[in-house]
Each structure stands twice: as structure tokens, then as C-alpha cells.
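Listed next as C-alpha cells is one chain, alone, in the form predicted alone.
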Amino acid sequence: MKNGEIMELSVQLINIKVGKHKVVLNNLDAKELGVMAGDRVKLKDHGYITAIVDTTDDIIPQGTIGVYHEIMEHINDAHTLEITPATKPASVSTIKHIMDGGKYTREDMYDLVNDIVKENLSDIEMTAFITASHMNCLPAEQTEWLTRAMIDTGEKLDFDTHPIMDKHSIGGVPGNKISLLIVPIVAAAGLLIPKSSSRAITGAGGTADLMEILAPVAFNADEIKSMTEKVGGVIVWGGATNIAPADDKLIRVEYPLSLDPSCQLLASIMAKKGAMGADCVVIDIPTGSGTKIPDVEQGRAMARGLIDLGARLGMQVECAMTYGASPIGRTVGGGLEVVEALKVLESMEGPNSLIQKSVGLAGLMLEMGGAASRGDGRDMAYEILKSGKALEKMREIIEIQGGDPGITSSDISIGDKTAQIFAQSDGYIVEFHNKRIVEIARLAGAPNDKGAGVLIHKKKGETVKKDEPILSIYSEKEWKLTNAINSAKKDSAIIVEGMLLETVRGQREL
């Protein structure tokens, strides 16, 4: 490449989707161009696109540029591309300001979020943003800027009828199938509740995974709006929409570090609620051992942050701190949880913890939405559930999302490979490890295998006899069941009073 000329390289498609605008250059071409891995280049076909550089010695030959699917979608199957070095976006400087505790503007934050959405930042740069937010958590005003930017850089639902209701759980508690009860209760009361939900990342089943057993969950924003207006509510997968798209990209880089900065968590929750057009939001904050929020004081601090951010965004937010030290109900894992929820809808047959938490949170929403007087919401929600109106509404929701409205709890397939874990002594349950329950369910195949999971026979405080079953494991594959059994026996998830946990012996003298 002579001075003043532009490098032109032949295109080679790398048949992988990486979720980013990335290209791969041979190290010799990169050196000639004056760029290194992590730098940016500008590509010219009929238009321009910026991409992040990776380099290689041998995968891509000299004179060729490797492009991933995300780039190929923009360059119209070009055979050659002109390539020039590109400068880093200004939002990289904003990240440095956040790291240093320096000043930046609302417009700077918008540009940063817009660059995240447009794939203009590398994983290292986004990780730096997450780490900076963890070390210097954003003040309330900047958290509002972040949240509004996340809303404005994606699709938004705009309803003609108000109020729009929504709920969110902070998570961390297995068996949290309450949305399958709350949404039809609220919709049956005449309120609109377009519930977008997530799939499981580290858990045994997200709400979207559960609802998918009953009906499709992948819809765009217009479809969600239309379905909600017709039947009052939906339970859909938020990942199929372009609602607050920056959130999913940030979660992806948070996961390897196990970081969840509180300001980022607030923005993540409220951005999706704001984009869904919510006016009134109930936040479930489970507290207790093994949850994300270990004590009530931390729960109150989070509640204050959510309520303040909601007010800044024009939303009414109420938070409910709930018991989270053991699973909700007695099932963990796709089909088992759906069966448990449907039985409650069909006949009120089910665990008290599931029923009471569902009608308690639904009752708050009925009061916030004006369907019930203050203090009467719980009783109204319970009556809607008991009368069968919630079941009728759930069938409407299933039908409009493309499922079979006639499906019943007995129609749900559960894994036919089963095993039981038995109590080793008489006593009562003194400890219950949520994370271990989830690990066992995941080893059995959840959430990918819809019939996999665990059924809990005994919960904390309940009495148990020696050799009585305390846990049943269900799987669709024998080898997964074996892995789950071995794990359950090696490190018990449920501790009975007086159980011998471990023996430590010294060297015996002869």
C-alpha cells in the first residue's frame, strides 16, 4: 500500500455469529494498516461501517479480510472492501470519566448507550463500564440518564388505555412461577399487563421458559401491544423484542465477572418497564440466606432506589420484600413448575407459599391500578383465583399467543427418568440450600429439558422420618439423572437436624 492509497482486501466470510461488528485481519495487513487487536477500522462498500479488529497469523491469509455474519449483513455480499483505520468513539472517554469519578453530560451517557446498542464498543470497553459502575456506582441523576438512554435506544410500547401494570422479581429464588398466576389475576380484573420475561441464565427456569411450555413466547413489540389490548395480558420473552437492547448486551459482559452493580440493576429493571409503557410497577425483592439480597436492610435500600428512579421516570413503584430462603412452592424446573401453577389455577390445589405470594403481589397491583380499594387487593385477587376467572383468563392468554387453550396440568410432560433422595435420620429440616437445589435441577437437564427438575417433599421446619423421601429428581436422560443423583448425594441440599455432615479424624497413634 503506497502513501495516500487505501488498502483494499478481498472478503472471506467467517461462518459464525458473534453478536458484534468484528473483522479479522492477517497480522501483516494489520501492521501495514497500523492497527492492533481491539482497534477499529472503517469499511467501505457502497457505504461505511465501523468494525472492531481481531488479528491472526494463519486463519486469514494476507490480502484478505475475514468478516463475521453481522458485517456481511451490511456489505451486500461485496467481494472486496476498502479499509482505513478509524478512531475510537467518544464514549470511550466517557467510560474513563466514570472510572475517575469525573464529569460527563446526559448527552455523553446517551452516546455511550447508543454505541453499546450499535456494537461500536468492544467487550473490554463494556466490561470497563460495568467495572467502573461497580466501583463508583452512578448517582441517582446519572442512573436516570442511563435508564432513559436504554429506553430511547430501543422499541417502546405506547398504549391508548391506562394504567399499564407490570411486575418484576429481583430473582435468586428457585421455583418462582408466580407470574403464571399474577398475570391472569390482574388481567381478569380488567387491567392491562404486558409481562415481558427472561429465560434462565443460571437458574432452572425463567418465566419465559415456563410459559413456552404452554404457548410461543417470541413476539415483536407491535404483536405484544395488540395481544395485550385484546385479552388484557401476555407472558412473553423480552429477548425477542428490541426493547432496551443495551440491557442484554451489558448482562452478557456482567456474567463472566459475576458483577451486578446496583445502579446497573436499577437501570436494567426500570428501562424494560419504561419501554413496555408501564405506569404502575410492583417489584418483588426476595430476601434471606442464599438470595441476591441477604437481609431486609439491603432490601429497603434497593426499594428506595427503585421507587426514586421510578418517580424520575414517571412510574409509580411499590416494592414488596418477600421470604426467599427456600423455593416458592415445591417444584423447581420447567414442566414441574407449570404443573404446579396450573393446578392452583384449576382447583386451588397447591402449596400455600405459591398461592399467598401470588395473591399478595397481585393484590398490590389491583390497588395501584384502581381495581381494588387500598387494603382490599389481596382478598380480591384471592377471589379471582378461587372463582376460576384467572384460569379462564390464562386460557385466553395461551390461545392468543398460539397455544392450546384446553391444555391442563395432566397434559404436561414430565421426565420419565426419576430417583429419590432419602432422609438419613429422624428430625426436622433445619437448612435449605437454594443454590444446590438449582444445581441439581440443572444437572438433571433444566431448563433446556422441559421435563427435568426436582420435587421437594420436605421444606425448612417440617418433620421427617429416617428413609422418608425429601427430594425427587426428574430427568429426560439417564446420564443426566445419574449426574444429578451423584451431586445430591455428595453435597446435600436439604439438611435434617442431627445429620452427620462430615468426619474429620486425626492420625491414630499405635
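In this text, residue numbers run from 1 along the sequence as written. Computed from a predicted structure; not experimentally measured.
This next part talks about the form predicted in complex with a further copy of the same chain, which is not shown.
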| query | finding |
| --- | --- |
| In the model of the complex, the residue from A140, A218, I201, V296 that sits within 4.5 Å of a further copy of the same chain by heavy atoms | I201 |
| In the model of the complex, the one of I429, A132, C280, I285 near a further copy of the same chain [non-hydrogen atom within 4.5 angstroms] | A132 |
| Region of this chain that lies against a further copy of the same chain in the model of the complex, out of 271-279, 98-106, 343-351, 149-157 [heavy atom, 4.5 Å] | 98-106 |
| Contact flag, N448 vs a further copy of the same chain in the model of the complex, heavy atom cut 4.5 Å | yes |
| G34, heavy atom within 4.5 angstroms of a further copy of the same chain in the model of the complex | yes |
| K17 within 4.5 Å of a further copy of the same chain in the model of the complex, heavy atoms | yes |
| 4.5 Å heavy atom contact, H79 and a further copy of the same chain in the model of the complex | no |
| Within 61-99, the residues that have a heavy atom no more than 4.5 Å from a further copy of the same chain in the model of the complex | Y68, H69, K88, V92, K96, M99 |
